[in-house]
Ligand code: F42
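Shown below, as structure tokens, is a lone chain in the form predicted alone; questions about how it binds or moves come after it.
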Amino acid sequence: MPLEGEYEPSPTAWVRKQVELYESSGGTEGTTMRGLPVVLVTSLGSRSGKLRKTPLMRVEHEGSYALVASNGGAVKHPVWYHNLVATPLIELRDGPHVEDMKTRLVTGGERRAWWERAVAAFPDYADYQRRADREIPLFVAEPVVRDV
């Protein structure tokens, strides 16, 4: 894992429970939200310096993943958005598969293509965008290439 530090569970009870179930089962349970698949993203807290774990809707394409900072359509970005801006390295768990990844914020045509994939995977994103008074940021997470 590219990240090191002490893990601090989420202050939100349902997130803590889902993360615990996802990890304790080796990625065989807790892998859905509202009947749709989720991945588990571990990032480094931009202010705390502690490891944070966040379940996000699974939007995968050719081994890369979209991480949609929708915050349910709220006017503010989710806290994890700031974590990825400060430290773009993450660990992503997709079921039992765990991989070190690097994230980048996407714009323009690339963002539009990923946004379409995101809405296809989780249609509520379109409603969130209509409600939000901001363009919802979208990161792409790609596998970290290691020197051999």
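If you're wondering where the values come from, they're calculated on a predicted model, not measured in any experiment. Numbers for residues come from their place in the sequence shown, where the first is 1.
There is another form of the same protein, the form predicted together with the named molecule; it is not shown, and what comes next is about it.
For the options Gly49, Gly63, Pro96, Gly109, the residue carrying a heavy atom within 4.5 angstroms of the named molecule in the model of the complex is Gly49. Taking the partner from the other structure, the named molecule in the model of the complex has a heavy atom within 4.5 Å of a heavy atom of Val15. By the criterion of a heavy atom within 4.5 Å, Trp80 is counted among the residues contacting the named molecule in the model of the complex. Contact check for Gln129: no non-hydrogen atom falls within 4.5 Å of the named molecule in the model of the complex.
Interface residue remark: Met33 is counted as part of the site for the named molecule in the model of the complex, having a heavy atom within 4.5 Å. Taking the named molecule as it sits in the model of the complex, the stretch 52 to 87 comes within 4.5 angstroms of it through a non-hydrogen atom at Arg52, Thr54, Pro55, Leu56, Met57, Val68, Ala69, Ser70, Asn71, Pro78, Val79, Trp80, His82, Asn83.
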